[in-house]
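Listed next as structure tokens is one chain, alone, in the form predicted on its own.
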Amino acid sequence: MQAVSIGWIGTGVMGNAMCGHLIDAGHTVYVYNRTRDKAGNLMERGARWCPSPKTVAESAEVIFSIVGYPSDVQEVILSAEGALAGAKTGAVIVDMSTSSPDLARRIHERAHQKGVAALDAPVSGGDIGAREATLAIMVGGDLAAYDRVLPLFNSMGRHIAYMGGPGAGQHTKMCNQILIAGTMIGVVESLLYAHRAGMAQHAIIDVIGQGAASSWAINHIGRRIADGNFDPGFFVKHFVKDMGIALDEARRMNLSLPGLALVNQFYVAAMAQGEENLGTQALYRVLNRLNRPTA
């Protein structure tokens, strides 16, 4: 596709790799991150530093953001120094954070008033998917804007889907996170059982990861657990945030999700035990401690 002037806000575990793919595709990229050093490798590859989300947007046709919390999304897009304040008529703002559907709708409304299109486009696939450009990207907002941005999405992901109007991308991500929550408790309990039975966890994964119990979580996150690697591909604190959004949305719908509520409590326990900056596989540590002999 023809080179596009791109703004990128947020260069953390996911955003850094995703932005790098757009640089590799030949686009001009203007970048902002709260900690400048975390964007240093992107600037070495040609990205141009901007001092605020607003100045990023002033130079860009399409502005992407991927940050931690809904409050961060609101700040980098809707504040006085946010992207919308600098966006030109006809620009597209694409928030790829996992955030609330309600905030996605508010961003869409505010952007529409200024003649700017907005998409909510959260992703799934973790740090591996970001590095390998194999992310699933679930998109809500204007269909015309989606069609315009699709070639850029194709540089970052393998499975891209338009899910409906504003907020639909975030609702789809909540479905994703609910499923991951249930899967993660299964992965952890399965591998704890293997350990207690004296089995080699990698050998267990080699077998059950190919049958009816196969999942991305057992074959990727399970391997990290077996290696004793609890470094973050996706932070515990961000997963707790995501589950909280899903539970809030469920309450609004008078929908009971007891499985999600239970897993959320285990992850809250991980936070209480100081493990908020570990990867989601740290759930294994919580359940392992729970099962230690007391005498």
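Since we're looking at a predicted model, the values are computed, not measured. Heads up: residue numbers just count along the shown sequence, starting at 1.
The next section is about a form of this same protein that is not shown, the form predicted together with another copy of the chain.
Contact with another copy of the chain in the predicted bound form, judged by any heavy atom within 4.5 Å, is made by just one of 175, 143, 80, 128: 175. In the predicted bound form, none of the heavy atoms of residue 133 sits within 4.5 Å of a heavy atom of another copy of the chain. Another copy of the chain in the predicted bound form is not approached by residue 47, whose heavy atoms all lie more than 4.5 angstroms from it. Although the partner is absent here, residue 152 sits far enough away that none of its heavy atoms falls within 4.5 Å of another copy of the chain in the predicted bound form. The closest heavy atom approach of residue 256 to another copy of the chain in the predicted bound form falls within 4.5 Å. Note that among 85 to 93, 71 to 79, 106 to 114, 192 to 200, the stretch whose heavy atoms approach another copy of the chain to within 4.5 Å in the predicted bound form is 192 to 200.
Within 4.5 angstroms of another copy of the chain in the predicted bound form, the stretch 261 to 281 places a non-hydrogen atom from each of 262, 266, taken in sequence order.
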